[in-house]
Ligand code: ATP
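What follows is a single chain, given as structure tokens, in the form predicted alone.
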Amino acid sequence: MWIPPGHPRRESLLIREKLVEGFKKGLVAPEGLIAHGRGECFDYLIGESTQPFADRAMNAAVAALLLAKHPVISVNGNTAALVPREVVELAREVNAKIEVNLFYRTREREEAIDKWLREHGAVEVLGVGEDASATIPELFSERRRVSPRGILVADVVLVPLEDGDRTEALRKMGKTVIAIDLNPLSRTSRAASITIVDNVVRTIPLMVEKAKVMKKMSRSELESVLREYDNNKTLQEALRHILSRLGELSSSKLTLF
């Protein structure tokens, strides 16, 4: 689909097109398209730009990944469709493994995502087929299936576009969980160790750039960044930002998005 360069919603429409193409390729589940629409609503509310509270959360997230012994980036269909190359780049910069994890899991989707990530530079993708032979305790959806070489033994897990059940289960296992979630009220956001309230298409590229700089920092400097981070404060700031924007919009002449 051709979208005019001057279209006011061009970026948003391009993201939708990526997801539609991802659906056609077998990466994205139909339910993933619905989930994106919900997230897009919250992106409107935060102003469709990366806010300071999200930037600080990214710093903490990159610090946690760089300090980790066994970091893993968990990838679902939407993430694979939207930022495949950037996920691979981030994994390379922080020395993390990449693992496919799906709520609507089929062997065909696993293999499609595996192939897509490899086409974008991944050397190894965990969680595909027989590799997803371990399980997360107290979790009963298909997301419970994980790689014994990946999420099962990870100390830090980045979970873009996650569901709350698995975030809670991973926290109970003692793991540091980094969520990317546009909804600061979601169970995922509130259960995660670090929540980046921002759009994944902005977050992952920014994290790549931050990792390139922060990996030159000393361990004590990274620990300081992580120690000073407060996830509850981040969520509170995100909500105050949304309330402020709604207040401004409600008292001024509305313009089209």
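Note that residue numbering follows the sequence shown and begins at 1. Bear in mind that the values here come from a model prediction, so they are computed numbers and not experimental data.
FYI, the form predicted in complex with the ligand isn't displayed, but the following is about it.
- For residue 187, a non-hydrogen atom is located within 4.5 Å of the ligand in the model of the complex, even though that partner is not displayed.
- Interface membership of residue 82, defined by any non-hydrogen atom within 4.5 Å of the ligand in the model of the complex, is confirmed.
- Although the partner is absent here, residue 182 lies within 4.5 Å of the ligand in the model of the complex, judged by heavy atoms.
- With a 4.5 Å cutoff on heavy atoms, residue 35 counts as touching the ligand in the model of the complex.
- With the partner left out here, the ligand still marks one of 194 to 202, 222 to 230, 22 to 30, 60 to 68 in the model of the complex; by a 4.5 Å heavy atom cut-off that stretch is 194 to 202.
- Though the ligand is absent from this view, in the model of the complex it lies within 4.5 Å of a heavy atom of just one residue from 164, 129, 121, 148, which is 164.
- Within 4.5 angstroms of the ligand in the model of the complex, the stretch 91 to 105 places no non-hydrogen atom at all.
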